[in-house]
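Just one chain is shown here, as structure tokens, and it is the form predicted alone.
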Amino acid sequence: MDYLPVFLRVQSQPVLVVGGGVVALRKAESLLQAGARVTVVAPQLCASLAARVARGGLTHLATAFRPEHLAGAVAAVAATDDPAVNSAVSQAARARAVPVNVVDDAALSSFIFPAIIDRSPILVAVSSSGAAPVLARRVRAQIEALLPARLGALASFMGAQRARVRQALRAWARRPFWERVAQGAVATRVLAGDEAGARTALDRELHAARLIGTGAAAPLGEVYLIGAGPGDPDLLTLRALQLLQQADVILYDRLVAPEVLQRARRDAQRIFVGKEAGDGGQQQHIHALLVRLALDGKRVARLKGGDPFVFGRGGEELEQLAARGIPYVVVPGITAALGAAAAAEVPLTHRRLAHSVTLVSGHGETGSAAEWRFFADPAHTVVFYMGVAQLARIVARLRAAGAAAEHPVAIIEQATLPAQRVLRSTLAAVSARAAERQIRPPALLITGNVAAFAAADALGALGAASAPADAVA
């Protein structure tokens, strides 16, 4: 290691910053966030640093740097554009054994500022030893995406409970207890902002921990109802990724892409629970699995394509969990209609084309004659889920409800995935064209004026509208 990674406590301690520009301001702000008493030495200040000094909390010495400015300082930062001044600060600080950082000059520095992920009191620092600060910031961004925004709140919550747990449990039982807390229902509740629920869950965990040694009970698990989005794993939410990384078991259906499953914890058990048409008993089997696994103390991810509450029967599963007192978390996903439309560049609403949109299941014979007349209006967008197998019936009902043969339609197959295909057609021709191109599920059917939308055509139309009259063909 080129540097020993340490965290320096500067709370209420004097720190010197030499420089009057925006870089000096950034360093001063970081030090102020850590509670330091900051003195800025510079003959002149940039406007933003001067405004910061005017707000208070910073001391400004309007003079050139002198070694005596370091008296009592626990650290120093040189952030000027003058190499001679920076070198003088470095030499004077080293002579007094004061840690010094010279911005963008590792050779003159005895410490460096890492890229920081702040989830106070949790702090993560990333450094490239000054070799590639841009790369260090990129690594920081990748780590930050994995850490919940309320991770600090969880650390504070756990810290506040330490004395109570120490009194309640013997030493050998505390570590496994805290591991369950950090990865289970207590953490889930805190991260969701539900501290009252977290305290209830902690009471339950403490009670279970007292009984585990006797074999009388096992800790209660929890269930995550997670929307996997339309297919592309990069469209998973951060919360979905975080919970997939801590789930012990994953129940997934056939609409979940393999690439999404690869984002889950490597050692998690994966159970396929996909349903086929007419398989009515499978949903009851899923209910039983969720309950049994949670009662066994497992953290269960119920992973569904799209969003769990849009044609995903997530509400029914939630009812089963609530009836048995099993903790659960619902994580929304990008529903297939939104993901597919965006991937195919089909705006579901458009100021000139459509002001409303309806999401409809393609299965069954639901819908009154009045509803189908509404669906047949080309100014209203309709997205039919699971509609490819029922394409002929849907076309017939729309035509019977008054839709014209030229009524625009689009079918989006394998939306957001590399194999995505988009078929644009009309009601009169779509069945034949879908058969010709061998369109297969999963695919969405979109009907209405927006189905014919093409950004390139719209750009041409806008250009023609703004052109001189004699230039329009």
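All figures in this text were calculated on a predicted structure; none of them were measured in a lab. Counting begins at 1, following the sequence as shown.
Only in words, not in the display: the form predicted together with ligand SAH, which the text now covers.
- Of the residues L49, V40, A434, A415, just one reaches ligand SAH in the predicted bound form with a heavy atom at 4.5 Å or closer; this is A415.
- In summary, among the residues F177, Y328, F157, F311, the only one with a non-hydrogen atom within 4.5 Å of ligand SAH in the predicted bound form is F311.
- Remark: of stretches 93-101, 384-392, 130-138, 179-187, the one touching ligand SAH in the predicted bound form is 384-392 (heavy atom within 4.5 Å).
- Among heavy atoms of P442, some come within 4.5 Å of ligand SAH in the predicted bound form.
- When ligand SAH is considered in the predicted bound form, L255 lines it closely, a heavy atom lying within 4.5 Å.
- For the chain shown alone, I226 is not a contact residue for ligand SAH in the predicted bound form, no non-hydrogen atom being within 4.5 angstroms.
- Shown alone here, T335 lies within 4.5 Å of ligand SAH in the predicted bound form, counting heavy atoms only.
- Contact residues in stretch 285-310 (any heavy atom within 4.5 Å of ligand SAH, taken in the predicted bound form) are G305, G306, D307, V310.
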